[in-house]
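Let's start with one chain on its own, the form predicted alone, as structure tokens.
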């Protein structure tokens, strides 16, 4: 479990980035984190893995106060994929990149070889395994960063803008992988601006604005709420925009539509009423 108790954070005195933030994240959840640029999203997730420590309040990870443990110790539980893959990659080859964390955590050679092969294949990078990471495209480097963190199979996984530079097929593959984190052992926290992906991917959505938590609930309810979206400078999903347009012509048409299944059901009900 991850617990934030009245957490505040400042890089400079008098300029808070997080303000009196309290929340709990439990295993079994895939949680989305959204908000405008500068809302404090990356600062929040760096409180979890100990890269930043609270100025006020406390962050607990599995009952451990992050101020009283090292980032290295937290890294055994927490995987963090940076928004910019180039800030994360450094090895001479893709194989060495994926193997690095496994070696540091004392995995056996056979286990390292197995996981390196498995995760390079998962992200369709096997053919480049002996090349430099910096010869890859932006999307491929993003997938390599994912592979190098996911191979450890951490208990808590934080993905910062994982769909950036990814095409539709890779997004679908990422969704398939994320489904494995919907179990009682894992917490997955997804930082994203991609509302279409968030609707499909997350069970619970958190929204930050100016360092404060302004919404916490089901993605369907939050991403169809104009007040929350306006405050966080977010656009609703395209299906929600379409639903609002249809509601102007058909007043009973629901405006909290965010998925194709919900849209199809709403249209079917509308057609039945028109007969």
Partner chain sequence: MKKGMAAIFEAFRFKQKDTFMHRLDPRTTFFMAVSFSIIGMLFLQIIPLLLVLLSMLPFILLARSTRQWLKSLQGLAYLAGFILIINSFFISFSFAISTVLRLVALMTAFSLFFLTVHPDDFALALIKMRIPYEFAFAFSMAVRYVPTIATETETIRDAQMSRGLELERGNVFQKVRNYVPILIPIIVSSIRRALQVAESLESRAFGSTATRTSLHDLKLRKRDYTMMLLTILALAFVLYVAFVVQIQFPYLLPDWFFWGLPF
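Because the structure is a prediction, the values reported are computed rather than measured. The term rigid core refers to the most C-alpha atoms you can superpose between the two forms while keeping them within 1.5 Å. Numbering follows the first chain given and starts at 1.
FYI, the form predicted together with its partner chain isn't displayed, but the following is about it.
Site residues 64, 68 and 124 are none of them in contact with its partner chain in the model of the complex, judged by any heavy atom within 4.5 Å. Considering its partner chain in the model of the complex, the lone stretch of 22-30, 41-49, 215-223, 54-62 in range is 41-49 [heavy atom distance within 4.5 Å].
Checking 204, 141, 115, 186 against its partner chain in the model of the complex, a heavy atom within 4.5 Å turns up for just one residue: 141. Contact annotation: residue 128 falls outside 4.5 Å of its partner chain in the model of the complex, judged by heavy atom distances. In the model of the complex, at least one heavy atom of residue 86 sits within 4.5 Å of its partner chain.
At the 4.5 Å threshold, heavy atoms of residue 181 stay clear of its partner chain in the model of the complex, well away from it.
The closest non-hydrogen atom of residue 157 lies beyond 4.5 Å of its partner chain in the model of the complex. Within 4.5 angstroms of its partner chain in the model of the complex, the stretch 123-138 places a non-hydrogen atom from 134 alone. Relative to the superposed rigid core, the position of the CA of residue 72 differs between this form and the one not shown by less than 2 Å. Residue 82 is not among the residues whose C-alpha shifts by 2 Å or more between this form and the one not shown once the rigid core is aligned; its shift stays under 2 Å. Residue 175: CA moves less than 2 Å between this form and the one not shown after rigid-core fitting.
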